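Shown here is one chain on its own, the form predicted alone, set out as structure tokens.
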Amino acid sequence: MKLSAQAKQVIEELKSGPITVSELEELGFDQSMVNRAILELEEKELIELEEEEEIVQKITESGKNVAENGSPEYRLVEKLRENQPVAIADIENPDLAIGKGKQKNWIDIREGEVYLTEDGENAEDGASRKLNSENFDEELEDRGLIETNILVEKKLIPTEKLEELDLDDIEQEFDVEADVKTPRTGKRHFYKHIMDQARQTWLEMGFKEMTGEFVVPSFLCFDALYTPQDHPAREMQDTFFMETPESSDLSGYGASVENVKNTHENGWTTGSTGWGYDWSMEEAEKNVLRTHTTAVSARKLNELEKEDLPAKYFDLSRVFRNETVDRHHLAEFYQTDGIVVGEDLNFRNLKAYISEFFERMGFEEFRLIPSYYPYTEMGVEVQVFDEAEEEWIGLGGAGMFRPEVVKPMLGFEATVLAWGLGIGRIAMRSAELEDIRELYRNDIKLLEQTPKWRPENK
């Protein structure tokens, strides 16, 4: 029998019994050399390969903070127990604290102020308790308080054929005239197919595509979306700020800059009271890698005139966040944003557009549940049902832009329906992946076995 030198070396170790790839590496074997030897020995039916998965969970930096100081929603409850009501502007980490607080029916919001409910008076901090007792569950993982990694260990099992093989009978010569298999032909990545399908779906629904730069001023990414300048999402741990170019000139956005400034400070003519602080031009000029494609929607609003309405636009492109990378999160990923701008629009229209998109993408079960975002009122989370896991998974947010977003950027009053959806989660479902990082690992077996995205292939 003819075998390569590396395959023969692995066989010598297998004469003592099954051995794992990790154990071979500890003996000094190179990982790529071991992988080549495994392919060769499997082809010769000298080994069988077993894969064992080990799930490893650990607390993230955010989780350590919650374990030590309590969850944002519970800290809000403690604040309300001392003195209520509390203005939204005075709440630490308001997105999480209010969103989770309302989800658990611990708080109620009336006229911009937060009150404690009867459930909130008896609330306990389950997130902190579970972290400290290491009683990890899916809720902690969904909130990014723990991360889960799946370690795969390969074990080489010698077959009866190998046990009967005499090492002296192995030849190490290379046959340069041996028949070889036809090389694999190229194939477009299934993730690219899904994005093309999403883009085509929006176009067929009458939307025009809008595009934007990856590097944008904070004005577009935050200020124009009525996100206060002291909002925690703008901090270094959530956003990539640019060193070069460090800032942008905002004069190209015309009167919108002054409109946004006045809206933040006192509500301007939007009917709002604003956030009540001194808005900083320097802060708004700071460049960032956009954290969401809604920055593109904000710029499009600034470009539209009254005679352009009604208007429908979508964007499908990359965004960047200073996230802890785990099986559910990446620092760079794709989103698809959409806006519908007009006068006679309502929440029913928003639901219809999103329903039409997901039905055309092949989803049978999806739903909208109430949620909170600084720039929408009402706001909802879009969820689809994962049949394999038998659970609902969130794909992004949607809602009707607040007047504090629309009028400053458009220059006049209108209704804007808006949404931002994660394409990566859809791709994970298509390929039946448990780890979103697999989308970028170019596993040949996965690429060959995953069909291109079509509704009938869901």
Partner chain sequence: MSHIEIDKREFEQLIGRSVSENELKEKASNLGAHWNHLEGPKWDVEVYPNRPDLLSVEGLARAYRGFFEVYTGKEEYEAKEHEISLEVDSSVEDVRPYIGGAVIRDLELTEKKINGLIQLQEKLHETMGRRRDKIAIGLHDLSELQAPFTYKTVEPESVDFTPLEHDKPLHLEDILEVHEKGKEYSWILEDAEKYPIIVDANEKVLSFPPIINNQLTEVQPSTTDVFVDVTGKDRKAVRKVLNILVTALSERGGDIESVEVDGEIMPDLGSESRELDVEYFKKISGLDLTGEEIVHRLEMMKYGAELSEGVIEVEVPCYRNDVMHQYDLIEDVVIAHGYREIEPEMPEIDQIGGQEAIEKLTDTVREIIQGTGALEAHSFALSSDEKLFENMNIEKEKVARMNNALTKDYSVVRNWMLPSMMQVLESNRHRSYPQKIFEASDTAVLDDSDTGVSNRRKLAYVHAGEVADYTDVKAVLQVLERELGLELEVKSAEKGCFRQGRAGDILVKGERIGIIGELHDQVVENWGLENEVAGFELDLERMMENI
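C-alpha atoms forming the largest set that superposes within 1.5 Å between two forms make up the rigid core. Positions refer to the first chain, counted from 1. Keep in mind that what you see is a predicted model, and the values were worked out from it rather than measured.
Omitted here: the form predicted in complex with its partner chain. The next part is about that form.
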| item | value |
| --- | --- |
| Listed residue (Met361, Leu330, Val257, Ala127) with a non-hydrogen atom within 4.5 angstroms of its partner chain in the predicted bound form | Leu330 |
| Option touching its partner chain, based on a heavy atom within 4.5 Å in the predicted bound form, out of Ala284, Leu131, Val216, Ala198 | Val216 |
| Which of 92-100, 108-116, 138-146, 313-321 sits within 4.5 Å of its partner chain in the predicted bound form, heavy atom basis | 313-321 |
| All of Gln6, Lys15 and Leu39 within 4.5 Å of its partner chain in the predicted bound form, heavy atom check | no |
| Close approach of Gly212 to its partner chain in the predicted bound form, 4.5 Å, heavy atom | yes |
| Its partner chain contact in the predicted bound form: Ser247, any heavy atom under 4.5 Å | yes |
| Partner proximity in the predicted bound form: Tyr372 to its partner chain, non-hydrogen atom cutoff 4.5 Å | yes |
| Distance check, Asn346 to its partner chain in the predicted bound form, heavy atom within 4.5 Å | yes |
| In the predicted bound form: members of 24-41 within 4.5 Å of its partner chain, any heavy atom | Glu26, Leu27 |
| Core-aligned C-alpha movement of Glu356 between this form and the one not shown reaching 2 Å | no |
| Glu377: Cα shift of 2 Å or greater between this form and the one not shown (core-aligned) | no |
| Shift of Glu82 between this form and the one not shown at or above 2 Å (CA, core fit) | yes |
